[in-house]
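In structure tokens, the next block holds one chain alone, the form predicted on its own.
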């Protein structure tokens, strides 16, 4: 059995973690936690970490014992320097809370790249996890901001992403809010939908990595996939239904941009892949599955395949690491412009104030 640690860091990470805990109760209603028991496919420990106590209070499916408030007033105000200092000041307390939960084979650090606490804590937290757990696989689930959220969030995303790539994480799974907001008409609904999408994929991934398969895909294969290309990846998911139970169609749909958490043309941009198919035996046409995987293999460096026999229509999880990420490059270009514009604004404001002070430069106060 896999031992899995899931850390939600900052408000965005907390909310996705709460969605994971909701899924573990069955994901049906807010009352489920009162009459159901959590059912994780492996031994899973969840922990929500935040400097803002109000963000932790809003969680509905995460137990109080799984919420860690790091004392730092009420958040860090989107200031990553303040956040880093807050982490170092409380590092021993944070790591003690994690270590008392035991040993782990796999850890997910879920965070927004654009806020304050999550974007500053996560790279440092990953570094500490890799230092203290010698054989752990650590994957960052990094959420990119809506591009219109402002210059500070764009700046934070750019520098946080760079730091996440520089630490010893075993890979990044990207989630792009800008791309995924098409899922809902308003921002609030979009956030809820995105959180649920990420949670469902993570839960299915853990279940598949800890299942008995006809064709085995395990944690080692997942780690190999995540080390490919730029070590940045995306996840696709599709579930067939009675109207279209074809496993071939389910696989193809999981590859489509509309099923991915981060935009990509996987036939042109993917470096490695892992495809896991779950469903009843009558739907698992091995010849069709093999043909689809072989077609993908012709475009992608290496594809791992896993088949799980479980009652139900086919469900497909596809994970890709990417060799090129034009959307990330565009974000960095936009962030650079936003940083320069912010710098110009400050210089103009400073000059305006200096010019105003000049009016009284040779004068003294008279009483």
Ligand SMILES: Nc1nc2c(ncn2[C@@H]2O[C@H](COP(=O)(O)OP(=O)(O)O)[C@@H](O)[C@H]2O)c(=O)[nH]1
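Quick caveat, the model's predicted, so the values are computed rather than measured. Numbering follows the first chain given and starts at 1.
Keep in mind that the form predicted together with this ligand is missing from the display, and what follows is about it.
Here the chain stands alone, but in the model of the complex its contact with this ligand, taken as any heavy atom within 4.5 Å, falls in 192 to 200 among 267 to 275, 192 to 200, 166 to 174, 291 to 299. This ligand is not shown here, and in the model of the complex it never comes within 4.5 Å of any heavy atom of residue 229.
In the model of the complex, this ligand sits beyond 4.5 Å of every heavy atom of residue 24.
Mapping the unseen interface onto this chain, residue 145 counts among the residues with a heavy atom inside 4.5 Å of this ligand in the model of the complex. Within 4.5 Å of any heavy atom of this ligand in the model of the complex lies no heavy atom of residue 20. The listed set 236, 116, 233, 123 contains one residue whose heavy atoms approach this ligand in the model of the complex to within 4.5 Å, identified as 116. Proximity to this ligand in the model of the complex, defined as a heavy atom within 4.5 Å, holds among 160, 140, 112, 254 only for 112.
Shown here without this ligand, the chain has 149, 153 in 149 to 169 lying with a heavy atom within 4.5 Å of that partner in the model of the complex.
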